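One protein chain, two forms: both are listed below as structure tokens, the first as structure 1 and the second as structure 2.
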Structure 1
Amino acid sequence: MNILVCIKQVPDDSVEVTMGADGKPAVEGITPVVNAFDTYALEMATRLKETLDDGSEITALCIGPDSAKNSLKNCLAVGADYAYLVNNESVDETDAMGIAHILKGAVEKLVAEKGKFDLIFTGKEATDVALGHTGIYLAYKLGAAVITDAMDLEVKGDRVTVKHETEEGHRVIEAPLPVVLTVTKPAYDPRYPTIKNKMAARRKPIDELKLGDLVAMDQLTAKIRTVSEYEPPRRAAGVKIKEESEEESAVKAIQMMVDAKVL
């Protein structure tokens, strides 16, 4: 099976982002990581590869700055066999549709080298902008089926059966390959790389695809534009209670709540 996993590099989402002096979110100092949902996607793809055990291969693809090669190295250490970067540092502003255009161009380029992809995995959304649009856009542009919020999957012959998460439970959805899957948090955690795999990944190449070969620049014009970014209004902190015992603190807090007429 020929599997593609599309990843995005994002600022570590455990760090709280604040606005910078330039009117943009100050993300430069925050460690770049592979988007959490994309790590779930790669883990799901890797488990599938291991289950099939038929010589299936995983290609990881990232659109991002040169520094995203590190993220791709990490992918190579936890299941990806090949890694490709599309450097987009020359693009000032695009939107998810523009990214999907680039991905489509990259998929077509890779298909010419490696044959068609049976499954394309990506995270359900990225932790930075949390749109959840790119996978659906890409599937539409490729004319492939899309199944979102995948928690688990099974491949039988040329069909895939997916457990798709819903608010109240899940649906079981089936589709003929090729399929684009957007992945939510499954029941398991992504693996950590072993030292051996890390060393091996360091020796593997990261191939670059040239943006200009994949897409016409006017396709990248953003249709949705950010007008302004700002921090939400802050609430003022109130009173902190720390009495001798928890019991005294609780009683004092209750009294304050009674005085404030919220009980």
Structure 2
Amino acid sequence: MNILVCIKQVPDDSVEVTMGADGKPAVEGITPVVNAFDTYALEMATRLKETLDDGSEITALCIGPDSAKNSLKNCLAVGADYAYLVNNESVDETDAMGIAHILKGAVEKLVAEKGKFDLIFTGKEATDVALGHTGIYLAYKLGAAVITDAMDLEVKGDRVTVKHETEEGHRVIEAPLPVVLTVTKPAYDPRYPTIKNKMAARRKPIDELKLGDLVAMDQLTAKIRTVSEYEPPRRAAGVKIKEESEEESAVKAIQMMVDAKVL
């Protein structure tokens, strides 16, 4: 099975981000990492490869600056067999549709070299913008089926069965290959690379695809733009109730809720 995993390098989402003087998130100095949902996608793809045990191969693909090679090296250390970077430092600004244009061109270029992909994985969204559009746009441009919010999957023959997350739980969806999957948090965590795998990943090449060979630059003009961004409202400090007894504390708490017209 030929598998493609699309990743994005983003600022580490475990670090609190504040707004800068320019009204944009101040992310300078925050360590770039692989988008969390993309790490879930890679782990799901790697587990599938191990389960099939049929010589399946995983290719990791990233659109980003030259520094994203470090993220691709991490992918090679936890399951990917090959890695490709499309350097986008010459692009001032684009949107999810523009990214999908680039990915489509990259997929077609890789298919010519490696054969068609049976499964294409993306994270359900990127933690830096959280729009969740790119995987769906890519499927549309490739003319492929798409299943979103995948929690788990099973492949039998030329069909894939996917657990699709819903607000109530999940539903089971089946589709013929090829399929684009956008992956949410599964029931397991991504694996950590071993020292041996890290050393092996350092020796593997990161191949580059030229942006100009994949897409016309006028296709990258953003059709959607962000007008403004805001920090989430900060929670007001809580109130501590310190009466002499639990009963008095309960009475005071209820009276405060009555006064606030919560009750």
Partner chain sequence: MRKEDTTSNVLVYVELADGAPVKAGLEALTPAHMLTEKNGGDVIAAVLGKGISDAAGLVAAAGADRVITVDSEELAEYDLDAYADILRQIIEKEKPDVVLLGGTGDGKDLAPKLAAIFDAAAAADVTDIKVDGEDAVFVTTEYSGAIYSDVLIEEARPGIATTRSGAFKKPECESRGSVEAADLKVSDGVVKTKVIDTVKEITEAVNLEDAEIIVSGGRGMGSKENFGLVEELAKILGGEVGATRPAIEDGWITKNHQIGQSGKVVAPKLYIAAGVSGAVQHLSGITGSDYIVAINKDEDAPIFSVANVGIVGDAMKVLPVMIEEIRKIREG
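In this text, all values refer to a predicted model and were calculated from it rather than measured experimentally. Please note that residue numbering is based on structure 1, beginning with 1 at the start of its sequence. Here the rigid core means the biggest group of C-alpha atoms that line up within 1.5 Å when the two forms are laid on top of each other.
Remark: structure 1 matches the stated condition (the form predicted together with the partner chain).
The two forms, fitted on the rigid core, differ between the two structures by 2 Å or more at the CA of Glu231. Once the rigid core is overlaid between the two structures, Pro25 counts among the residues whose Cα shifts by 2 Å or more. Superposition on the rigid core between the two structures places the CA atom of Glu243 2 Å or more away from its counterpart.
Shown is the Cα shift of Val258 between the two structures after rigid core superposition, which amounts to 7.9 Å.
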